[in-house]
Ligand code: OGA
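Listed next as structure tokens is one chain, alone, in the form predicted alone.
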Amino acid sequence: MKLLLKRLHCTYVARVDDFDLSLGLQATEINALRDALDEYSILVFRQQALTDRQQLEIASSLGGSLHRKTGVATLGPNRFGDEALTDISNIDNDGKILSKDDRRRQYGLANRLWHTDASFQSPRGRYSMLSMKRFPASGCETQFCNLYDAYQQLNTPLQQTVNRLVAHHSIVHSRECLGFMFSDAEKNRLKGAQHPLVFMNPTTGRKALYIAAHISHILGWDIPDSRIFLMDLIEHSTQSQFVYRHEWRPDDFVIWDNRATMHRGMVFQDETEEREMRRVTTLDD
């Protein structure tokens, strides 16, 4: 089938029009969505009032196991009874706004770092899908960057360097950069994973940087050299020409390819407003 797509950024990101995800996905639709994600990396759907079950079914239809070994799951079970439904909200189990010192709130602050979902797992994250459930009146924004373009804009010697590097990704590292501390038992459940610093799409052959705030070091490099090199790569990759800013609306649903993008949530203007989102991530297996 042919999707009705409207490009939202000059080099990537498309809005999918006249498509009702709640009806489920047929085989031709699944293939069309995968092809679109290979081309655009990010797909935006408007007015998709989906249930949790429907969101899980969409993720399973696109392929891959569902990511349940999340970092936040080490802090305690979520309120939905399924760790595949990552709770991106400021609501506790009793429906009240999280207190400023709640560990779940403090853990979630690291979502404002440039990252890609589940890079600290093996297999790594492939597709993520985020659903807006309860919309704050002051609005909210998520920023994405295009790592295909970021790779292409590196000079040839730097491309040759990153092509041969492997990095260790750790969600413990990214959280501890902000001062969030895990217990020893929690750290033992979050060992991290190693991945090449460049991803090549097996369907299209396109190459992208595979970087994130989760990277603790590059294998074979000293830690200070690793981290300053990564800082330079993230600064390069998040230049304005690579960045798409998604201003959320009620019932928005966004799917993206974690292997070719980074993203970050932006600060909420009013912490007293209730906000609620659900994220599901598939693994690249």
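Please read these numbers as outputs of a predicted model, since none were measured by experiment. Numbering starts at 1 and runs along the sequence shown.
There is another form of this protein, the form predicted in complex with ligand OGA, and it is not shown here; the text below is about that form.
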Among the candidates Leu197, Ala84, Val172, Ile88, the residue which, in the predicted complex, approaches ligand OGA to within 4.5 Å (heavy atoms)
Ile88
Name the residue from Gln152, Ser122, Thr204, Asn111 that puts a heavy atom within 4.5 Å of ligand OGA in the predicted complex.
Asn111
State yes only if every one of Asp117, Trp256 and His263 has a non-hydrogen atom within 4.5 Å of ligand OGA in the predicted complex; otherwise state no.
yes
Can you pick the stretch from 157-165, 137-145, 92-100, 178-186 whose heavy atoms fall within 4.5 Å of ligand OGA in the predicted complex?
137-145
Touches ligand OGA in the predicted complex: Val13 (any heavy atom, 4.5 Å):
no
According to a 4.5 angstroms non-hydrogen atom cut-off, is His9 in contact with ligand OGA in the predicted complex?
no
Does any part of Leu130 reach within 4.5 Å of ligand OGA in the predicted complex? Heavy atoms only, please.
yes
Tell me, yes or no, whether Met277 is in contact with ligand OGA in the predicted complex, where a contact means a heavy atom of each within 4.5 Å.
yes
Taking ligand OGA in the predicted complex, which residues along 180-218 bring a heavy atom to within 4.5 Å of it?
none
